[in-house]
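Have a look below at one chain only, the form predicted alone, in structure tokens format.
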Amino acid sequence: MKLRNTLIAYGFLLPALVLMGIYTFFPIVFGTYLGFTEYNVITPPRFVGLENFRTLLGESYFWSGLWNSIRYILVVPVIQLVSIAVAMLVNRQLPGIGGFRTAYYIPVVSSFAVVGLMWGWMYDQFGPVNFVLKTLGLVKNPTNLLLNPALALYAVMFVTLWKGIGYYMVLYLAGLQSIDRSYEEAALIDGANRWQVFWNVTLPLLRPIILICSLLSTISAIKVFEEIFVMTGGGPAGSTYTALYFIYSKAFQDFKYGEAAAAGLVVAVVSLFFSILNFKYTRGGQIS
């Protein structure tokens, strides 16, 4: 009977395991192997050992792109704080709150091609963003923010922030609604104010959700590509060139798949490092 139940369970798991094997495990194994080969699709992979990694050491575009990808992590704490604040805001039983939640989620399901074109227009020299900045006296001579090497990366970061808030808001909202209200009510009865309840009760109970969200957003920040591809193409002057854009250009423009795979392995190691930091500083149930 036990064997029969086990076989039935694995029978249900088999389709998912096959798909994961084809689309997840095989690409990981094959991509790792390619990182140690010279491969251009036309000829079979030729093992070259660590040669691709030695080549990467002299690739200034890769290292500047990796640095930009790491800088992109600056968006992570901001998007988490804003998402928690919005989740707290919409976690209320008010008339029309469902429509308010939907409005925040619309950017998440919007195509990035559309989002990129829209924000490209908004960042234009004569677009709404520059109009507001000039009206407030923050700029005297408006310029296209995406053509400014000092501001372009931060302009793209803001678009990532705007588009991602709704996604993380839903996760935090689910976390807030899973918290037993009796904990907060007990704290209020004991004399705690709303801020103390949030800091000492709500936030610690949200710690598992914070870990998941910060982990997802950190990995997404390091592997940012869509925003760069649609909005700036790595410019101006390489100021928005990221590690994944380097991998894309090496693989699909230069057809150096071995070097692209090696760069992907380096990015994976960097992502793993920051993931470990996330686990170290956000896991547990108490605020350190």
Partner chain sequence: MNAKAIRRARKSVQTIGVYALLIVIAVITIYPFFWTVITSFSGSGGIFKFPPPLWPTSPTLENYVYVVQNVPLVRYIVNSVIICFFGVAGSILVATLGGYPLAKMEFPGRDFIFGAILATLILPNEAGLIVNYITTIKLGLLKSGPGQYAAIILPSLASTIGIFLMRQAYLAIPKELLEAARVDGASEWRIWWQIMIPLTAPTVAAFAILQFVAFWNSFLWPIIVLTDKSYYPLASGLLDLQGQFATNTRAVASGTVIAMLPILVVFLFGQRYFMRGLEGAVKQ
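Positions refer to the first chain, counted from 1. Only the largest set of C-alpha atoms that superpose within 1.5 Å between the two forms is called the rigid core. Owing to the predicted nature of the structure, the values given are computational and were not obtained by experimental measurement.
There is also a form predicted together with the partner chain; it is not shown, and the following applies to it.
Proximity of F36 to the partner chain in the predicted bound form falls outside the 4.5 Å heavy atom cutoff. In the predicted bound form, the partner chain sits beyond 4.5 Å of every heavy atom of F62. Heavy atoms of W195 never reach within 4.5 Å of the partner chain in the predicted bound form, leaving it off the interface. Contact check for Y241: every heavy atom lies farther than 4.5 Å from the partner chain in the predicted bound form. Residues placing heavy atoms within 4.5 Å of the partner chain in the predicted bound form fall in a single listed stretch, namely 96-104, out of 96-104, 195-203, 73-81, 149-157. The candidate spot formed by L136, L188 and F274 is out of contact with the partner chain in the predicted bound form: none of the three has a heavy atom within 4.5 Å. In the predicted bound form, I212, L215, I219, K223, F225, E226, F229, V230, L244 are the residues of 206-245 with at least one heavy atom within 4.5 Å of the partner chain, listed from first to last. A movement of the C-alpha atom of Y10 reaching 2 angstroms or beyond is seen between this form and the one not shown when the two forms are aligned on their rigid core. Residue displacement note: L19 has its CA displaced by at least 2 Å between this form and the one not shown (rigid core superposed).
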